[in-house]
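In the structure tokens that follow, the same protein chain appears in two forms, which are kept apart as structure 1 and structure 2.
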Structure 1
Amino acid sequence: MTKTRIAAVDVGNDSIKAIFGELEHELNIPNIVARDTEDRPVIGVEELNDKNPLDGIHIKVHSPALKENNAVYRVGHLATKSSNATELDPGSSKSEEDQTLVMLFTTLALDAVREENANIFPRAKNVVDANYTLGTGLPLREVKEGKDVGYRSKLVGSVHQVEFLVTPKYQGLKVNIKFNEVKVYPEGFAAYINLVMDNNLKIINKDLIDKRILIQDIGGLSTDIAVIKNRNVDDDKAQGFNLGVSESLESIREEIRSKHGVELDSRRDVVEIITRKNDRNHIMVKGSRTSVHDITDRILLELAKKQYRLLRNVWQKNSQTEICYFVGGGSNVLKEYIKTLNNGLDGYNIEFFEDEKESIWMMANAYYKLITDFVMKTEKQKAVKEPVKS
């Protein structure tokens, strides 16, 4: 019987976060791709296998789910060095972009080829056959539009192949990915699950369970505000907005380039400048430490005002709300600006996660809890239907 492995994958705009198996493997890869050719030159081929595979992901993807099949890509860190690197555009739908699927398949393939998984997935010559039970999610707006159904149907029932080309350690390997089951969750609901349950699905936040709360999840391309009451997400009142941090990060990147002549590889570099502990909002210009505070403050305060307006509008329609939790990578970027606005304006009861990793990994952790719960319940049902033979 074919073994299946649990995968919880959050395809975030900034990066993809994934948790596998029994929490024994995590991956975090920048969500950047660049079209390429199969014969990309490599300097020092003999040293290729000494390098980290995540620094040189070079693949060909075959899948009926893709609009452009059999294309060759540089992915993640390697793609940032390309002049034609692409990140997801504001206004695009995560469920309809090839890039979302390329990142998803790449991440699963990187897990499947690990030596530690040789006992799970059969390997014949250079081909690994991998079977996954996947928990993932989409922005609330896309789920409300029914796009989760089409997204899931692209994944199940087909074989998706990732072929590693000039990639350290894995060059020449092919991974055939099949899905035993795919669950696509609305991101706001997932955040709620993560707040109230631990990894063993035990309630850890009894105070929160019966409260009326909002969860404002600020992503790269969109913002979801989940409305929770009576332990459920109120689908009618929950709202998704086409407003994320990507456009603002792109504006900061462009302004730094035009004002200081410094070219940053990606939006991720901008996030690092804004959020790092030391030398925050500073860059090196011709070897000199230079402040870009004027650029970041102006652009991010403008975005924080728009996010605050969304909060105010949803709170007014749900006046008995007790607290709003801000989650997601975008919240981490805007945290100080939103706090300052709130202190000077309405003074809502709002909460941020001070632990940056907790905020950034919240969705992947939630999908892990949800898909694990699904697998456990499915196995229990099977055990009831198939009593042990004497």
Structure 2
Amino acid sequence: MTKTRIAAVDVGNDSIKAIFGELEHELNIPNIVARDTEDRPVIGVEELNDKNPLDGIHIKVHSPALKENNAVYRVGHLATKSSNATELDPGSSKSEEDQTLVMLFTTLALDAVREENANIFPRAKNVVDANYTLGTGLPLREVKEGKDVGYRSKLVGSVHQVEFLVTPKYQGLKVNIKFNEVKVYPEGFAAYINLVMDNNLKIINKDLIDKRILIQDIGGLSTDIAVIKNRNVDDDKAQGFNLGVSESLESIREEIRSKHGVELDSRRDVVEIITRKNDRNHIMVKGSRTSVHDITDRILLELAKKQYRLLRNVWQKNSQTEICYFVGGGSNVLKEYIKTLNNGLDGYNIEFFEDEKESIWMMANAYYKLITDFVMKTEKQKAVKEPVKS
């Protein structure tokens, strides 16, 4: 019998978060791809094998699920350096974009090719046959429109192949991905599950389970507010907004460049500067420690105000709400600003997560809980149906 491996994958607009197997492997890859017109671009192949595969993901994807089959892509960090890189457009539908699938397949392939998995997935020459039991999600809006059904059937119906081209360590390997099962959960609901249940889906938060709660997920490009009532997501009340934190991080980077002449490599560097424990909001300019607090404060406060307005709006429409949880990387960045605003204004009962990882990995953790629970239940059913022959 073919072995299957559990994968819980959150395809965020900003980055993919994935958890595998028995929690022994995880991946976080920026959601950014660039099309390559040729199979062999000029990449410094010389020291290829000293490099981290994640810094040089260069692949060709064969899959009937794609609108553009057999295309070549640079993915993640490598794509950042390309001029034609694309990030997901906030107005688009995750379930209908090739980029979502390319990122998903790439992530699974990167797990499948690891030497540690050679005993699970058979290898013949340079081909790995991988089989996954996948838990993933789509924005509530798309699930409401029924797009999860088509998305799921695109995945389960066929074999998807990722071919590693000029990728460190894995060059020349091909991974055939099949799915044993795919579950597509609505994002807001998943966050709720993660809040109230542990890894065995035992209730860990009795107080919370029957409350009316809001979950405001501030991501890279979008903000979703889920409304939970009667242990369920209220589909009609949930709202999505095309407002994330990436744009503000980019403005901060831009202003630091124009004011101090310092070029930060990425938005990630900005996050580091504004969230680190020591020397927060300071950079080095020509060797002198310099404050950029004026810049970060103004831009982040502006965004926090907008986020607070969204909260206020949704809370007004759901007046019996008892608490709102802020999750997502954006909440991590805006925490102090939103708290301060709230203290001076409406004084809503709001809560943030101390641990930034908990906030960012919320969805992936939830999918992991849901998919492992599903696997356990089906195994139990099988055991009942097919008792061990004596």
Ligand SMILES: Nc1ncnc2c1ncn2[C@@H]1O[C@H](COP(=O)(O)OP(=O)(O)OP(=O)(O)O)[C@@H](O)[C@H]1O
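Each form is matched to the other, and the largest set of C-alpha atoms that superpose within 1.5 Å is called the rigid core. Remember, predicted model here, so these are calculated numbers, not experimental data. Structure 1 provides the reference sequence; residues are numbered from 1 along it.
- Matching the description of the form predicted alone is structure 1; structure 2 comes from elsewhere.
- The rigid-core alignment places the CA of residue 62 less than 2 Å apart between the two structures.
- With a cut-off of 2 Å and the rigid core superposed, residue 308 has a Cα displacement that reaches or exceeds the cut-off between the two structures.
- The Cα shift for residue 323 between the two structures, taken after rigid core superposition, is smaller than 2 angstroms.
- CA movement of residue 272 between the two structures equals 5.4 Å, with the two forms superposed on the rigid core.
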